[in-house]
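Presented as structure tokens, the chain that follows is alone, the form predicted alone.
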């Protein structure tokens, strides 16, 4: 398969030196890219800013903001068979970005935030992508319920859910523990493992799903 994988966080600029971001390390998406390439798939990695070496054999498009990631996905989506949206894209970004560093003052600073464009929702609704779509649900509560709702709302074939309130898995960790949910009602729990092992389980589920489509 030709697979597009998004990975890492996005950075939404406040001024030239400050930004809003999140704790995503990019390790899960990079592990998916590495394992997919090792299995013979052609991989395009759309990555936010992370201090990780580019996976060998994969084509990488580096982006910074949610808007840049949206554009990179839109530009490349119709050349692939499957899309895996593992990036932690900012839901909100500053409405106005200062051209110069904002200087400290005596008063409080209020930053107006606006919604970013929903890349996962756009895959079906705007880009009209017909291939295999895998979403990620990073949750702190009601893990299964929120992931199932996201799968239905975004038109995913699979959703990978993980609990990001835990410090021993997920963000900033070499390990993950996930539930892989399928639109066909399938469910697989992958207990705490190195992210490269979890990536293998996700790719197995993708292969099974692709064979049924």
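Treat the numbers as computed from the prediction; the structure is a model and nothing was measured. Numbering follows the first chain given and starts at 1.
Omitted here: the form predicted in complex with cytidine-5'-triphosphate. The next part is about that form.
A.B. asks: Which one of these stretches, 23-31, 39-47, 147-155, 52-60, sits within 4.5 Å of cytidine-5'-triphosphate in the predicted complex when only heavy atoms are counted?
C.D. replies: Of the options, only 147-155 has residues within 4.5 Å of the partner.
A.B. asks: With a cut-off of 4.5 Å between heavy atoms, is residue 117 one of the residues that contacts cytidine-5'-triphosphate in the predicted complex?
C.D. replies: So residue 117 counts as contacting cytidine-5'-triphosphate.
A.B. asks: Against cytidine-5'-triphosphate in the predicted complex, would residue 81 count as a contact residue? Criterion: heavy atoms within 4.5 Å.
C.D. replies: The answer is no: residue 81 has no heavy atom within 4.5 Å of cytidine-5'-triphosphate.
A.B. asks: Does the 4.5 Å heavy atom contact test between residue 138 and cytidine-5'-triphosphate in the predicted complex come out positive?
C.D. replies: Yes, residue 138 sits close enough to cytidine-5'-triphosphate in the predicted complex that at least one of its heavy atoms falls within 4.5 Å.
A.B. asks: Residue 77 near cytidine-5'-triphosphate in the predicted complex, any heavy atom under 4.5 Å?
C.D. replies: Contact with cytidine-5'-triphosphate, no.
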